[in-house]
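Single chain ahead, written as C-alpha cells, the form predicted alone.
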C-alpha cells in the first residue's frame, strides 16, 4: 500500500525543491534528458505533486543518475526548474537516510 504525503512539496522547500507545483507534466524534460528511457525527471516531478514520498524513496538511486546538465531546466516551458528539483530531491533523500541511521 502506498502512503500519500500531501505536505511533501512543503517539506522539500528546505532542500531547494519548491517549483514542482508549476510543472504540468508535459514531458519536455523527459524528451530532452539523456536518461530519457526512464521518463526522468518527469516522473519525479509527478511523485512530488501527488505526495508519493515512499515512491521517491523506492527509486532514490535513480535520482543520483542525474547529470545535472541543465537541459531539462532550459527546455521547461513553464519554468518549473526540474534540474534544481532533482538536486533538492537528492538532498532530501540523503537527509532522510542520514536521519534513519541516527535513530
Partner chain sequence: MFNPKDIIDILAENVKKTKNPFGVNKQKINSWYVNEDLPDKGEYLLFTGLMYQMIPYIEAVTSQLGKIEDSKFSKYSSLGRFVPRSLTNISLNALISKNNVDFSNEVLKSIITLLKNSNIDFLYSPDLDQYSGILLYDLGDEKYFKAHARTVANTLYQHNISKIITVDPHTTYALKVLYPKYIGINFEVYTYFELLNLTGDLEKEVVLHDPCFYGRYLELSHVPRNLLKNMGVEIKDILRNGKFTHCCGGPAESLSPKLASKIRENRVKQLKETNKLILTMCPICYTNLRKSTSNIMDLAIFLKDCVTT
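Numbering follows the first chain given and starts at 1. Keep in mind it's a predicted model, so treat the numbers as computed, not measured.
Absent from the display: the form predicted together with the partner chain. The rest refers to it.
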item	value
Sole residue of 26, 71, 50, 57 within 4.5 Å of the partner chain in the predicted complex, by heavy atom	71
is_contact(residue 22, the partner chain) in the predicted complex, heavy atom dist at most 4.5 Å	no
Residue 91, heavy atom within 4.5 angstroms of the partner chain in the predicted complex	yes
The partner chain contact in the predicted complex: residue 3, any heavy atom under 4.5 Å	no
Heavy atom of residue 84 within 4.5 Å of the partner chain in the predicted complex	yes
Contacts with the partner chain in the predicted complex, stretch 42-64 (heavy atom within 4.5 Å)	61, 64
